[in-house]
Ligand code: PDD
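Just the one chain here, the form predicted on its own, laid out as structure tokens.
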């Protein structure tokens, strides 16, 4: 956990860092966030995270309250002050604080928070051994492509997975076909019996994952066929391999879905190849904007 937290231009002891009681992030989920991996004290793929951040702000008719370069320097300073070698940086920008009113107020100053957290790199134990997941109905709002702080449905899904002894919940669109959209905090992938890597296409139904997009580029440039198309729960359970990706976990093999063993119940060769491609990229991509 952070020892030092950035709040609106100040670096504060974490236990003394607070938001205003009427900050719109707490009363209306009126804000966005990003989580960026840190390796050897450097940010992984910061440019893609900043582009997504700006898109999320634009979709909510908000502005980035400082230049990208200044934001980057502030994040780097949080990393330095927390002596963070390996872990995650959390960035949140809310519309700011104002008397409670559903109507968006004019001329208020955005709230910016940056924290840091130490964690094991490259997905930790789950990336080596694989994890079990469950499927559950997707009950989120209709714009999960915006990385907003409106995460209650994700929290409920993740908690449901934890209660059943699983690592993650994959969210399923209601209907006869039972299409898997994404995870509660990850993107979803399967490998078909013919070796094609399949992940749900981008659009308003899902968040455009930075790790997801980077892996698509890496895989295709290294001769691995990737198809961006919907797949069903049945197709996932009968796939030769499955895996999930996220900033916090990188590439994690899925060896069990709703109690159904995937492949031979171990991390498969395609997943191993993609893990190596991304881990190598993450090590060498850390740098400035």
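As the structure is a computational prediction, the values presented were derived from the model and not from experiment. Numbering follows the first chain given and starts at 1.
As for the form predicted in complex with the named molecule, it is not shown, yet the points below apply to it.
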(message) Within 4.5 Å, heavy atoms only: does residue 154 come near the named molecule in the model of the complex?
(response) yes
(request) Report whether the minimum heavy atom distance between residue 210 and the named molecule in the model of the complex is within 4.5 Å. (result) yes
(message) Test of understanding: in the model of the complex, would residue 35 fall inside 4.5 Å of the named molecule by heavy atoms?
(response) yes
(request) Please run the contact check for residue 246 against the named molecule in the model of the complex: heavy atoms, 4.5 angstroms, yes or no? (result) yes
(message) Whether 14, 25 and 115 jointly form a contact site for the named molecule in the model of the complex is the question; each needs a heavy atom within 4.5 Å.
(response) no
(request) Name the single residue among 111, 132, 150, 185 that comes within 4.5 Å of the named molecule in the model of the complex, judging by heavy atoms. (result) 185
(request) Counting only non-hydrogen atoms, choose the one of 67-75, 91-99, 192-200, 210-218 that falls within 4.5 Å of the named molecule in the model of the complex. (result) 210-218
